[in-house]
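The chain below stands alone, shown as structure tokens; this is the form predicted on its own.
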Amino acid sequence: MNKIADDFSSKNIGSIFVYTNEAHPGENYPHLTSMQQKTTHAKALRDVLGVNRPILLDALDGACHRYFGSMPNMTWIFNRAGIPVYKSDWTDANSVRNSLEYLLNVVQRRKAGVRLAPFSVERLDYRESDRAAFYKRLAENGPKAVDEFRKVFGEN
């Protein structure tokens, strides 16, 4: 997502990361109990994972996350009027890039005088799923996070 933010920044498209909560708390990154702790975790997100976009902190009770649907790893794209033009329950760089390119094309077509009318689309996208890489990242939260995830999904 950092690459996409970089690629589209010259096209006046901004990108932020809203840090909501620990999806899989563990010994290293436990369940959040204070905004100070949340700030520390967000700094680790920036430093350890290399997030170079602005990181905004959701309220400790997750008000923003709930308002936008409580999806696990969501992405939203808003137009300049603040209208949602893309919503995904899982962040996938290919899907986000495709949508941004499409939306930029809409802008160019309108500038060329093409009269366009909006409509809604619902589609099922597919993302790559690298379970080994997921568990490696999950292990950074601590053994508790890995154990709890495996129990929930019946994995050994």
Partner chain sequence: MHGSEDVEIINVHGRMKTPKKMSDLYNYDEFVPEKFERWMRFDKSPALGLKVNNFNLWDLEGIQTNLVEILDQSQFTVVEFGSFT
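Remember, it's a predicted structure, so these values are computed and weren't measured experimentally. Positions refer to the first chain, counted from 1.
Omitted here: the form predicted together with its partner chain. The next part is about that form.
Not displayed here, its partner chain is approached by A63 to within 4.5 Å at the level of heavy atoms in the model of the complex. In the model of the complex, its partner chain lies farther than 4.5 Å from every heavy atom of R109.
Shown alone here, S95 lies farther than 4.5 Å from its partner chain in the model of the complex, counting heavy atoms only. Mapping the unseen interface onto this chain, R46 counts among the residues with a heavy atom inside 4.5 Å of its partner chain in the model of the complex. The partner is not shown here, but in the model of the complex the stretch 61 to 88 reaches within 4.5 angstroms of its partner chain through a heavy atom at D61, G62, A63, C64, H65, R66, Y67, F68, G69, S70, M71, P72, N73, M74, T75, W76, I77, F78, N79, R80, A81, G82, I83, P84, V85, Y86, K87, S88.
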